[in-house]
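Shown here is one chain on its own, the form predicted alone, set out as structure tokens.
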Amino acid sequence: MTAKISTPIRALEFYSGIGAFSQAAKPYGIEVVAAFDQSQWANQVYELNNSQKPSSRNLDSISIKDIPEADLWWLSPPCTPYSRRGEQKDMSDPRAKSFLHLIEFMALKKPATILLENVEGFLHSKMYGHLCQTLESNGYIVNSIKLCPTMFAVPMLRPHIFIVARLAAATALPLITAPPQASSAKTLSNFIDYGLNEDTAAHLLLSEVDAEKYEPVLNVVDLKDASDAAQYVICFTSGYYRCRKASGSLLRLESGRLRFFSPGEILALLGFSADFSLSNLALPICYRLVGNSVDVRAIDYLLANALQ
């Protein structure tokens, strides 16, 4: 499906994180002319893998003159204002201020294509209504798609909402629809590093005290069943490794001990390339970064359809 586009496209990557959009954009020959993120750790990883350092400018107050001209905008704004784990303050949440600011600039800059990702709760938010109203009143066709790694034959349940907005031409652009369900799925065994066991990955083991205390509320998959197509992991969040409840699956080793999935295994589940590096950052920081990232395959699917 992936092929370089005939006319080079300039893109901006807002809330760039570790660079999921750049990972997906590379095969298309898209030029990311600027990226923006305030996390020093995410920017360090982004620069290591893309030879480009994102701007750490505060998007709450950035000037429009500091935003380069581009054909495509990618945005992955903070999800806490709309997530079940957050306080759901929506547009009144201070963390939504930067996104509101950028929506104003969308109407002024009018990039040809805008792609956006967030949690499922975003679709029912006031912010979503404000975004659609602003874009549609400025000549965009807007549609939303729910995509999950399972649609791309990956054994991970992580449904997210993706918004696609394109400036309408004389003829209405076709809406982008979700892909058909994959007929065959990869199993977890394709993503597990079997070299990580009780002896070689002690740093990934859940303490036996915590295992006894929290196992009833943990989502655990068994290593010996990893080749079973019915085995799925649940969404890994930025709180994985710190929070014991509903932050991601753990793996039961043959010894019976529980271990966390490694950052590398989570990156593979998210579709990052095998040579992607998280540098030598501390393990809790790595988990926070990958937990905040986006499914690369979903972005690739959007690009393949939106840029036709």
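The model shown is predicted, which means the values in this text are computed figures rather than measured ones. Start at 1 with the first residue shown and count on from there.
The same protein has a further form, the form predicted in complex with a small molecule, not shown here; the description that follows concerns it.
Interface residue remark: residue 150 is not counted as part of the site for the small molecule in the predicted complex, having no heavy atom within 4.5 Å. Within 4.5 Å of any heavy atom of the small molecule in the predicted complex lies no heavy atom of residue 11. The closest heavy atom approach of residue 58 to the small molecule in the predicted complex falls within 4.5 Å. Using a 4.5 Å cutoff between non-hydrogen atoms, residue 39 counts as a contact of the small molecule in the predicted complex. Out of the listed residues 197, 98, 113, 144, 98 is the one that sits within 4.5 Å of the small molecule in the predicted complex by at least one heavy atom. Figure note: of the listed segments 59-67, 242-250, 25-33, 257-265, the one touching the small molecule in the predicted complex, with heavy atoms no more than 4.5 Å away, is 59-67.
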